[in-house]
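Given next, in structure tokens, is a single chain: the form predicted alone.
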């Protein structure tokens, strides 16, 4: 039996080049003002040390950099928070975090059958399901139950039933999936992946909360 490492089952992939490039965009837009990276909450869940390095490479300052503090009380500063991490729908900014998980099981059920705890969803026709290895213990809010969608095999698939501790179920309809297929919670919308702000909006949560929670629960992979 092959057991996948946790980091392979689900992860938060962090694009440091995106943070660097976003910082450069914000520095350009700021003109004469000094851009300071907002690195609260472990850099919004992206990782403090790695983010500071990338942001500084893009021309921003870290909050504790001596050179920023030595520029005097008349200097104008601008804080780079959500924009630095690409959490806003802006064509010049790229989302830095991508959250995904693998399909760990598949099943076909008939009309009238229900799934997950409490049987809050019942199939109205024969349908294929995919069990994905991410749940509320990994930072995926239970409010996504019967509400959110993940991208799997080129299409958005709705979460059906309650989000469990380490898993959720997607309705595939008449489509199919294989164990090991990747389901994307959010990523780079320029490649057709769901945007973090769309996922956040579907749950009624701010994007900053979404990435901070995922980043503190999932294994982080830097690229």
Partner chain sequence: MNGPTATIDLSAYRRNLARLAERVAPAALMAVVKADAYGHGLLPVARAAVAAGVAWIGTLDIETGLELRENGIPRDVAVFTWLLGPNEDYGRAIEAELDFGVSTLSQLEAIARASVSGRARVHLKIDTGLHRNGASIEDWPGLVTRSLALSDRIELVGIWTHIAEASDGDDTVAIERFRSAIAVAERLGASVTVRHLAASAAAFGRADSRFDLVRIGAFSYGISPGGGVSPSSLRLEPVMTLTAPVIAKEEGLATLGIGYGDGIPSSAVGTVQVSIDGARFEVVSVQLDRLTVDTGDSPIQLGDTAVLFGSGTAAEPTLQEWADQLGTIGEEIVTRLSPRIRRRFLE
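Just so you know, these numbers come straight off a predicted model, no measurement behind them. Numbering follows the first chain given and starts at 1.
Omitted from view is the form predicted together with its partner chain, to which the following refers.
- Using a 4.5 Å cutoff between non-hydrogen atoms, residue 164 counts as a contact of its partner chain in the model of the complex.
- Among heavy atoms of residue 104, some come within 4.5 Å of its partner chain in the model of the complex.
- Within this chain, residue 184 is remote from the site of its partner chain in the model of the complex, having no heavy atom within 4.5 Å.
- Contact check for residue 89: no non-hydrogen atom falls within 4.5 Å of its partner chain in the model of the complex.
- Heavy atoms closer than or equal to 4.5 Å to its partner chain in the model of the complex belong, across 109-136, to the residues 109, 113, 114, 115, 116, 117, 118, 119, 129, 131, 136, ordered by sequence position.
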